[in-house]
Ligand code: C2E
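Presented below, as structure tokens, is a lone chain in the form predicted on its own.
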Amino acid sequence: MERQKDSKRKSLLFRAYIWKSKITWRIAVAIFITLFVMQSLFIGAFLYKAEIDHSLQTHKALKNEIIASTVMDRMIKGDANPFFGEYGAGLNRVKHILGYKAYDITFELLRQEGDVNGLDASAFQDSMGYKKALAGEGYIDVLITPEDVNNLPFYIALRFDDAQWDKDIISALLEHAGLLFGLSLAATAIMLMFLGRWILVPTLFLSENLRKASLSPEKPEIEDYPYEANDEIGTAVVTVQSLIRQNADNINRIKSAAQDQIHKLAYYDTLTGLPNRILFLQKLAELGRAAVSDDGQIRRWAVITIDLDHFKDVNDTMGHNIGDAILRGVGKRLASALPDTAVVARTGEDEYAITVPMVTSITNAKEIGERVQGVIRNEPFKVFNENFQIRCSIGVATYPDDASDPEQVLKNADIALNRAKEDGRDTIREYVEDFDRAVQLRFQMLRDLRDALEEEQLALHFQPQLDLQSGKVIGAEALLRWWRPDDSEKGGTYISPGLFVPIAEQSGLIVPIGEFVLRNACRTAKTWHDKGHMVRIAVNVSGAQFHQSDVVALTKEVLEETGIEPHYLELEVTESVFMDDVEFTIETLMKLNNLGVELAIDDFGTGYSSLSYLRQFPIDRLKIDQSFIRNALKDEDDAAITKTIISLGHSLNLKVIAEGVEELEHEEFLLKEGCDEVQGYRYSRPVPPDQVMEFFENYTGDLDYFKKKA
């Protein structure tokens, strides 16, 4: 019962609501105009017929009056002209007569009286005989024929006053217009009543539901249909309501699934399914908020950060599918080997982080680090029937011992991890404050290095290169030096390239520094050439400069700017840089080769090179790393490596240059093995440009010069 009342109330509301809608008024106006026009046409046709009937009735009335008149009496008595004299004039006094014309049977005019302008018996004649009446402006002309008056031989054309008829017509029109308007309104209301029930109310109900659904598609506040769905429109309304609710359900399901997916993408690593760095930090924050136990004791927990050693080499040599499989395997091992209370996350390409509560069975965080190291290194990872032995570097920090802020604990663990990598990798380092101070010093050095570049504190020294067979000076390598001013007696000190170059490479500052080196080295070489010392200049190109800048465009620009011949410029790049992106490396080296510059692989033998790729590189020279030369006389392995590199270079038609030649025995060993070129302290330390010029001018071109000098 309550539902019926509610349905009835909603029905009444919608019936009232239809009069507020535009479509209702449009339909009402269309119906009203249609009915009014149709009825007007009908009334017009009716009045036209009434006018004709009025003319006929007038004709009949006049005929009766004429028959009853004295003129008719005289006609019956046989007078030749019964209209003559006062009798004819008496006819003009018949009611409503304005004038007349009387004719005999031959249409000879017998008499006329009154208003007869345009009145003529012949005007009534047409193909069908004679018309009985003609309407004019304010009058009606009527023809009386012999047949109308007992076949007497006369025709009478009379003009009848129609003014009263017009008044009657106007009155009738006004009366009909009011009636017509009322009927049209009534018919419109009746039609809207049915249209409203069958069409308008359902349509407006549907429109209102769609409006509400558009405002809130997820939770549409739509009403139930107040009528039975017993016709096509009702069925359509109910169907649309069902679709609206289905759409809301679908949106909510999709939104829920999307939110789950977004949450998963935002907080979990897609490869391993482990929490990512963002979620790991949140977990650390939660642990920090719950650090104090119910008994007031501070809970301790360890944070372990892990970096897989040289994992990039695995990706580059074996492919990313192998690397991804190993990364997943590491994640599974860590998750299964640690207690349920541990949180294991993948925080970088080959980096993981772990936090574990410190319980009574674990005395310190380093124990957890050792357990993690054992999990990774004790058993090889088997992928596609191949075994891969993975090593890792580990950093360890403890909350709240190393920091009271959970996020800072993670940073401290990262600092310890970096120290583990710097100390040779495959090791564990616990965080100590000295590590943090080292990081601060690193940042300070980076800021000072930026200032040094802007304030021109950087300079180039050069170390001569000699042909081992002829003793001739053939080139010089440009080496970067940094004189940092201070308050000491000397006014400053030289900073070792081993300290600031790695920082410049990690920060990307090496790119503008490398441009500085290339420009100044070529300018210096041009001054040597202008003075007759035609030697090449060797410039080191860092990995960041090779990949992050357009080294080809820069080289071309510097050559054009300084004016040196391209073959007097040699660019040295380490082999590890070559292997980062082989296709890009080959393309870049080809472009540099097309410029005419010479190319050398620096520190050859310290990294990994594929001979198949080496054959594709358009290089001119292999440079043996100085560590092999220094130990060649004492270490058979280093001596063997040096011999192999010389033999390999010659087999590929490449020149071989050895750096780090410090003693005569080194020179003799290299000369015996057929090395082409040398450089080192035996011949000259890296010196400023003016001292290099002195070396060029004083050197005799004979290697015995250095024996005497020693």
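Residue indices: 1-based, along the sequence shown. Remember, predicted model here, so these are calculated numbers, not experimental data.
Form predicted in complex with the named molecule: not shown, discussed below.
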TL;DR on 563 to 571, 210 to 218, 538 to 546, 378 to 386: the one with heavy atoms within 4.5 Å of the named molecule in the model of the complex is 538 to 546
If we test each of 471, 497, 275, 400 for a heavy atom within 4.5 Å of the named molecule in the model of the complex, the one that passes is 497
Picking from 120, 309, 351, 603, the single residue whose non-hydrogen atoms come within 4.5 angstroms of the named molecule in the model of the complex is 603
Answer for residue 662 alone: is it within 4.5 Å of the named molecule in the model of the complex, judged on heavy atom distances?
yes
Q) Is the gap between residue 102 and the named molecule in the model of the complex 4.5 Å or less for some heavy atom pair? A) no
> Would residue 689 show up as a contact with the named molecule in the model of the complex if we use heavy atoms at 4.5 Å?
Replying inline: no
Query raised in the report: Looking in the model of the complex, any heavy atom of residue 680 within 4.5 Å of the named molecule?
Result: yes
Those residues of 460 to 485 with a non-hydrogen atom no more than 4.5 Å from the named molecule in the model of the complex are 463, 477, 478, 479, 480, 481
